[in-house]
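Only one chain is given next, in structure tokens, and it is the form predicted on its own.
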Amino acid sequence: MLKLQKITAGYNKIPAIMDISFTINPGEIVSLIGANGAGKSTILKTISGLITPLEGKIFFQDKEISKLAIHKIVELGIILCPEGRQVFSSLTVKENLLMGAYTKSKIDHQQLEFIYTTFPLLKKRLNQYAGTLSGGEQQMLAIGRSLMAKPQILLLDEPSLGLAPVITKELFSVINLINQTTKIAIILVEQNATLALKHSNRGYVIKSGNLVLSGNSSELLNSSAIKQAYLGEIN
């Protein structure tokens, strides 16, 4: 469904990721794990068009998208839910959700109802300003806004950042429910490596901008090298 082929990308022509190649298949959840600054978020930004690759190619359903404009990538169904949520604080919950459908010719009310069912708290707060929501509520809103674009691939960047463990557990249950219900493929960047692998099918390990290991999530969870490097401090 999505293929990265020897991607090198970065900032001000200085590479942050080098020679990255991986794939994601329809309907699966794939985790990118690694230390802070390893390049995980850069990979998502490159896929979504926020960063243009310095080298390599990206293919979506066999079509090269490496140089496409951001809005064209969104129209294809590749949607980034960014780190830090980035909701529109001065807009209401409903206005934020509708902003997610800005590339669509009309609002899909069936999709809106799906979001209300998935996040019933949002339906109760449609007229509340997004800036007054808690961190967990804002993350739900950010995911809901992304779903309004009707993604085929959802790029989730650090969804648990700054959230209490009980809220994080609830959020990941919802992420799995969305995946199972809609068959949307998900690429997950998550600092909590154990949590990410427990909620994904496969994983790729990024170190200093390089892809150093990949495998089924269960294999990575049971790898002594991965446990020592990434899982020992995270439960």
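Numbering starts at 1 and follows the sequence shown. All values reported here derive from a predicted model rather than from experimental measurement.
Omitted from view is the form predicted in complex with a small molecule, to which the following refers.
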property: Heavy atom within 4.5 Å of the small molecule in the predicted bound form - the one residue of 195, 186, 205, 38 that qualifies; result: 38
property: Candidate stretches 42 to 50, 60 to 68, 164 to 172, 178 to 186, one within 4.5 Å of the small molecule in the predicted bound form by heavy atom; result: 42 to 50
property: Partner contact for residue 83 in the predicted bound form: the small molecule, 4.5 angstroms, heavy atom; result: yes
property: Partner proximity in the predicted bound form: residue 158 to the small molecule, non-hydrogen atom cutoff 4.5 Å; result: yes
property: Residue contact check: residue 16 to the small molecule in the predicted bound form, 4.5 Å heavy atom; result: yes
property: Interface membership of residue 191, the small molecule in the predicted bound form, 4.5 Å heavy atom rule; result: yes
